[in-house]
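What follows is a single chain, given as structure tokens, in the form predicted alone.
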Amino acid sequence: MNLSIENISAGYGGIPVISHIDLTVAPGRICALMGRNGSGKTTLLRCINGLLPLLEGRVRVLGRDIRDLGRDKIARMISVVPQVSFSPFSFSCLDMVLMAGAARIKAWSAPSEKEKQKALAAMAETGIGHMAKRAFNNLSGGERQLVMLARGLFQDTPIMLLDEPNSHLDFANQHKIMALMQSLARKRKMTVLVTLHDPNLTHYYCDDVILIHEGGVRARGETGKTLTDEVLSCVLGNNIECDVTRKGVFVVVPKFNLVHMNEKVNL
């Protein structure tokens, strides 16, 4: 397994946010991490990337304990696409992508022409090759997200973590990004762990799903078998129904009691 998490607990100020979590993610598969805001999804990603000390348990990356690895070695194993990105300096998009190669480039050395071509290829793969010279901070939130994905691809690691990569993307680009990640997981035999809020995207593009509720794993398994009315209603906090349309399309929809809601907020 590329990634193995063994009974970990972690939090802030000694107070656990996630407790006793076990999971493995196999190469060549994309796994969704779902749960409400504050459930511990981002905390778990920080633990996997070695940024947050564990209260207990162990994270193994390619068989090695994450605590035994320096930041340069972690950067060669794990790439991260964050929720929101902003640079304090006016770097070009190409420069932002090239920075992900820092672990491969010797100190005080500039990226080689080969590295630049590899970065441009990663940008082309995400459909933003034409933006190489544009200023990163002048982009829209969605465009920045695409640059950060290209940066993760350029880093060329066996494991990629994506924290709500669709949060600033329009409908078409949400599906484009997920389809691309699905394809890359297969082609490169990558382990991809992505936090998502939309169970429909999870169902269409992810092989496996882990549902986090109140800091622990509520359910896990193959996506088609794990996304059920009961589990989603518990984890997402609404009356959720999974259905199949007349055209055979699987959909997940929330069922609200609008009369009760209107009375509650005095509409």
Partner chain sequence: MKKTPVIFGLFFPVILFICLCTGRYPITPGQVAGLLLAPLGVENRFFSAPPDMMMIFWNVRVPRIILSVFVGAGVSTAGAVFQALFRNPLAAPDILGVTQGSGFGAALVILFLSPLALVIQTSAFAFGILAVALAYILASLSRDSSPSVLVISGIVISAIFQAGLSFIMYMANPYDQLIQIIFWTMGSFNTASWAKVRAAAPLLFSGILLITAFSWRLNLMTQGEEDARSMGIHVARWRIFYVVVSTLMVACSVTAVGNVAWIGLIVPHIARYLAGSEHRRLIPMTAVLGGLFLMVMDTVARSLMLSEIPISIVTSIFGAPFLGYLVVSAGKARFSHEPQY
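Treat the numbers as computed from the prediction; the structure is a model and nothing was measured. Numbering follows the first chain given and starts at 1.
Not pictured, yet referred to below: the form predicted in complex with the partner chain.
Put simply, of K114, H130, R71, K187 only one has a heavy atom within 4.5 Å of the partner chain in the model of the complex, and it is R71. Within 4.5 Å of the partner chain in the model of the complex, a heavy atom is found for not a single one of H168, T195 and C242. With a 4.5 Å cutoff on heavy atoms, A179 does not count as touching the partner chain in the model of the complex; it lies far away. The partner chain is not drawn, but in the model of the complex it has a heavy atom within 4.5 Å of D95. Using a 4.5 Å cutoff between non-hydrogen atoms, R134 counts as a contact of the partner chain in the model of the complex. Proximity of Q155 to the partner chain in the model of the complex: non-hydrogen atoms within 4.5 Å are present.
The stretch that touches the partner chain in the model of the complex, counting heavy atoms within 4.5 Å, is 42 to 50, out of 42 to 50, 27 to 35, 203 to 211, 216 to 224.
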